[in-house]
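What follows is one chain in structure tokens, specifically the form predicted alone.
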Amino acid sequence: MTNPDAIVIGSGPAGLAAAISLRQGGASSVLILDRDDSAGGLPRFCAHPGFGWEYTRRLEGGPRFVARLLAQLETDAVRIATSTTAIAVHPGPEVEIVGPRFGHTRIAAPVVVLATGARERPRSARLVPGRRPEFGVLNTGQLQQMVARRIPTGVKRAVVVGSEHVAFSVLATARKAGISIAAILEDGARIRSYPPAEWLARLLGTRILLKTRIEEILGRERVEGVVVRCPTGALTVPCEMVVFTGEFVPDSVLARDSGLMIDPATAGPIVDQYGRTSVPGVFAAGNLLRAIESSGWSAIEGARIGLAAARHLRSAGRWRPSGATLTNGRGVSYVVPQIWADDEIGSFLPISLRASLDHNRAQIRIVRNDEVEWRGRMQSMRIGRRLPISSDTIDALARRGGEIRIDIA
């Protein structure tokens, strides 16, 4: 496949769904690139249910969800090149790649979709003090891969740092590997996941320590425990593993190095409602846009952006990622997309925006050119939760142009 109609970079849910939609939209050939040794992204290592719900309306594990997506890709028209790294996207667009199948080369295509996903912040980025044992300090993805690949951990007890949704998925992964969770540590006053996750953890006998931070990791070659600071003082928790969870950031190195405009609020590419970036011919989808939405939400984004990319491919239309600007105001962490174009090439991205503060009886406001144009009321809103605004509501206002700001009051 030397001259594909489209290149998709990343084979997680967003990338696979984009490839499916590209084919459905008329692309005769699609090349999917992934630096890992198999397609599917992180979900293929997560057997517990909860993957793809928004996209499939099925409660299934990650491997099953990935298999469902892969089954929709026609082998004669779609090629998946694993163990292949995209190191740059050049104008054209043209993708520079390196790997055992292609060597070091460039492949041109009329359309490129970036779907490189997100990653968890490592220990070094969290400024955690203490020693640096060679074994026993992981993030969620590393633990899930070890367990899925049946790599022995040699661990009986672990401490989990963080309380986002993914932190509680560690409970299922650890049980499968015979690891008990000594404690879940959260530096805030409440967990960041939903209450049922906390109920399940406590039912399984797992301590949840709130307002608690790691002061030191003990051990030289291997983890021997952690010293934490909690409201009652310092506490030593014996363990052989520390799992850092959450604090996701978009894996946007390729996008940055390729010259795409980046939004400081999301750390991902700036896009319009069809996923078009600042570089002609280059679309972006999934958790590369912001961290983090669910696998099903990411697949929906990939599907819609794939259809938009296919329409652009058919029409060879003018690249128009310009129009009204969308910005985050008081109480809102970010808004995706950041631009609302005035043309029509497909279905809109679902609006993705999150609260940056806890609110009771909050009011969402959409402000256009400093005039309040729309109000919506909620009973409460917690930090990090998705705000309920429809794309159609934004579309009705943004088509009039100007600056659109979303606030919580």
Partner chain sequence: MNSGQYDFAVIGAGVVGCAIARELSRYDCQTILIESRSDLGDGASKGNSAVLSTGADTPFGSLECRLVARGHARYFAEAPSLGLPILAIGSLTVAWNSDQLAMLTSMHADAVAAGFGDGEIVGPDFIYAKTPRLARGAVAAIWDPHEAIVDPFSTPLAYALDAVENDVEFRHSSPVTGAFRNSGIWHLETPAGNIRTGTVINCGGLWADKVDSLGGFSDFSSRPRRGQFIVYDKSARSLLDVVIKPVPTPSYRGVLVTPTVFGNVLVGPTAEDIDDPDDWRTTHEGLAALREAALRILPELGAHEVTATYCGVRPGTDRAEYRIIPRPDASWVSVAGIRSTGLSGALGIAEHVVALASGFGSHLARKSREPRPIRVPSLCSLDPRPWERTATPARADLEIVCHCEGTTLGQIESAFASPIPPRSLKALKRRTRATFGRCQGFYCGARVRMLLDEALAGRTA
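Not measured: the values here are computed from a predicted model. Residue numbers count along the first chain shown, from 1.
Same protein, other form: the form predicted in complex with the partner chain, not shown, and the subject of what follows.
Checking 93, 331, 99, 225 for any heavy atom within 4.5 Å of the partner chain in the predicted complex turns up a single hit: 99. Of the residues 178, 103, 205, 196, just one reaches the partner chain in the predicted complex with a heavy atom at 4.5 Å or closer; this is 103. Under a 4.5 angstroms non-hydrogen atom cutoff, the partner chain in the predicted complex lacks residue 294 among its neighbouring residues. When contacts are judged by a 4.5 Å heavy atom cut-off, residue 187 does not count as touching the partner chain in the predicted complex. Taking non-hydrogen atoms only, residue 259 never approaches the partner chain to within 4.5 angstroms in the predicted complex. Though the partner is left out of this view, residue 278 does not reach within 4.5 Å of the partner chain in the predicted complex, counting heavy atoms only. Partner proximity in the predicted complex, defined as non-hydrogen atoms within 4.5 angstroms of the partner chain, places exactly one of 235-243, 270-278, 132-140, 307-315 at the interface: 132-140. Residues of 202-228 that come within 4.5 Å of the partner chain in the predicted complex, judged by any heavy atom, are 213, 214, 215, 216, 220, 221 in sequence order.
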